[in-house]
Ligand code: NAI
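First comes one chain, alone, set out as structure tokens in the form predicted on its own.
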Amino acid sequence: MNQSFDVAVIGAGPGGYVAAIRCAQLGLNTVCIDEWKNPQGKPSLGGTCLNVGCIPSKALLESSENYERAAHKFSAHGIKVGELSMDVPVMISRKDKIVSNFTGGVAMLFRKNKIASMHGRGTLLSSSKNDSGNNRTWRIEVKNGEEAHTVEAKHIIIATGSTPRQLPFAPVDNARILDNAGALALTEVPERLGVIGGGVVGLEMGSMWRRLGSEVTILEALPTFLTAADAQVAKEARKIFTKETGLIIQTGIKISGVKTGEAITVQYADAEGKAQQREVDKLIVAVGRVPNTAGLGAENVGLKIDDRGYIEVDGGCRTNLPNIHAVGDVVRGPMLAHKASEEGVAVAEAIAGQAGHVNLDTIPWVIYTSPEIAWVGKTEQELKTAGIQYKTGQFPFMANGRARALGETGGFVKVLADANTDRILGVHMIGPYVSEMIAEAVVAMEFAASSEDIARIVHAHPSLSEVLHEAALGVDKRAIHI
């Protein structure tokens, strides 16, 4: 293998493998270094997202939603189902096959684009200048067990992702106390499931196992539910998740300890400060993620990392060192796969002399619960805090023909627009398939559209997208169907 490259990418998750492909497309001789192994101990590209994150979780969520439809919703359509059962190992096997296809697909794309792939941990070693003293060549050690190689590259893209945040009183063993990987690998439905953390992972995994029959309790330390989302959306979500889905959600709690015996006992103080405890059979720890920068060798080369473990970068993802960039979960901004991918593309294009760019203000967020939650831009509470004058338009899915036909009428779409210019400042959705609908709002904001622009665009009828259309009309108090 050629040990000297134009670009070395460390990490093969959505930020790294996309960056490597774009580099190769632009004619740069590229190597991608990654240490992920699947449960069989074999190298597996794609990082957390493809292996134990975005892709497998959506596969299981879809399976659980299909089960719930058969159990509770088909009868309204006149569809009669006999005795219903859930074969969890088959569901997990289907998920594993999807993961295998996608990770294998990344390997195929590397071969297609002539990208060198090296398995092992990448560690920054040192740099050397050429005779003119202008350009550096960076040296990286790639270690796989006892085997180690050294590669050189003119440019480095660090895309090492993140790891689950740990709680000292609830050590993860992925047998009884689980992180996201363990939650995706259960072979039977736990009778009682506890979830520490009411964020994206906690809600998605909690709702999935609840639909399959588990009693699920979500314990959230923050005093409010879904703090990152628009407050009105969060309120609607909590109502649906508790009354319809059946989740037990407690906020403002403080956990004092976790004991394991025949059952797992979580001891905590509730929002009023009263001592409580809850026994569960499995416990998911979903309290966020931390950047995966340990062991990167930052101290060997003087790479700046802040006290939270993030690599310091500027707006172009440039670090403090020449020709070293960092993207994705290891840098500022939301820990989202699509954000990492677009940063990877932007950095690759910048290295090739083009003008790569990512607008962090228009990154869409999605929570794949049922109903789904999606948003882009500012929340109403953020606008109030900033003192920005705004107008609001809102429309419920209940009044939409397609939503009625689907039998999924919960939720709404809300459009926030500047009171003076009408420019869209934020769009917030909770309802069926809003993960797909949010893209229109992102495009609108990227082109600095006004609510009037969306209001004047013809939307197909009947379609869910009409809810966004009516919400935009509502900004000017002229929604038609409400």
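One rule holds for the numbers: they count along the sequence shown, beginning at 1. In this text, all values refer to a predicted model and were calculated from it rather than measured experimentally.
The next section is about a form of this same protein that is not shown, the form predicted in complex with the ligand.
When contacts are judged by a 4.5 Å heavy atom cut-off, residue 289 counts as touching the ligand in the predicted complex.
Using a 4.5 angstroms threshold between heavy atoms, residue 220 counts as touching the ligand in the predicted complex.
Residue contact check for residue 58: one or more of its heavy atoms lie within 4.5 Å of the ligand in the predicted complex.
Remark: residue 335 counts among the residues lining the ligand in the predicted complex, judged by a heavy atom distance of 4.5 Å or less. Stretch-level contact analysis of 301-309, 88-96, 73-81, 221-229 against the ligand in the predicted complex, using heavy atoms and a 4.5 Å limit, identifies 221-229. The candidate spot formed by 165, 253 and 365 lies fully in contact with the ligand in the predicted complex, as each residue has a heavy atom within 4.5 Å of it. The listed set 249, 313, 201, 280 contains one residue whose heavy atoms approach the ligand in the predicted complex to within 4.5 Å, identified as 201. The single contact residue among 324, 212, 196, 151, judged by any heavy atom lying within 4.5 Å of the ligand in the predicted complex, is 196.
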